[in-house]
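Presented below, as structure tokens, is a lone chain in the form predicted on its own.
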């Protein structure tokens, strides 16, 4: 990057997690069953046909991943091939013609490079959030797959989705609510796919929880309402006193790339790593709990309220020791402070 760059216009201490218009985004169009080559565009607005299936039947999928300016001055995207695989699965579930892995990766590369002057500097803790999405467009009325599709990627500089620092600068833990009135996804439904409808269903319960002072909602399985599944925008984990890292197993849970990464780091740290059923009334078995995802990174949970019971972890305010370790290790790999021995980072040549 040049010595004086556009990112000087941004306040990196107050980025939050919100949209900011960047100069360029990538778009490709599918008509007559074929994808165009795709290119960078400058207009953040899109023109949608009034009969588009995305408007009436929710035929749309998306992804989220991050790009970082690293300690040595290089730019890297975290595990994009995993996102490409999950994106393809989501498309197939909704009868959307998948884009190739090559196009997906190239789009991320082009958008990161084209907007690099706004990439948060190393040392701020902030990064680029890349948002690939795809939707059905064109003339349509009946419940059927669309005749046309649009694939696009835009980017925004962000911090953490949930926030991470307490007033004393340590990793902060939040208060969460288990929903007994609302479900996120049904068995054999679309819970394991990253599609808009799953998140639309979480808006009302999330709003109600936040209005009552909670960070977010933790959802139970819709079949029995006894087992933890995931949050509105992240996966759940718990750590036991005997060093077991536990995360729920369910066909309705989105397979998080961050979760996959954290599980590997926990195993490397000597923890026993288990995916299994996690019953809500057994939350007292854990000494630490948290949420993990691209937006959340790792967000410690200090308190969970469930059906009149309160489960508290540590002092309820700060992350536990193991959570702090996992968070710091993941971030150091992403920012290039630890060697990427696992091959998780895709280098982006920006000069």
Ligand SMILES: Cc1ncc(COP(=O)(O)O)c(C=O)c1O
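Residue numbers count along the first chain shown, from 1. These numbers were taken from a predicted model, which means no experiment stands behind them.
FYI, the form predicted together with the named molecule isn't displayed, but the following is about it.
Here the chain stands by itself, but in the predicted complex one stretch of 103 to 111, 118 to 126, 68 to 76, 248 to 256, 248 to 256, has heavy atoms within 4.5 Å of the named molecule.
Only one of 294, 303, 287, 30 comes within 4.5 Å of the named molecule in the predicted complex through a heavy atom, and that residue is 294.
Checking 155, 234, 209, 173 for any heavy atom within 4.5 Å of the named molecule in the predicted complex turns up a single hit: 234. Heavy atoms of residue 194 reach within 4.5 Å of the named molecule in the predicted complex, making it an interface residue. Of the heavy atoms in residue 199, some are within 4.5 Å of the named molecule in the predicted complex.
Shown alone here, residue 86 lies within 4.5 Å of the named molecule in the predicted complex, counting heavy atoms only.
Contact check for residue 230: a heavy atom falls within 4.5 Å of the named molecule in the predicted complex.
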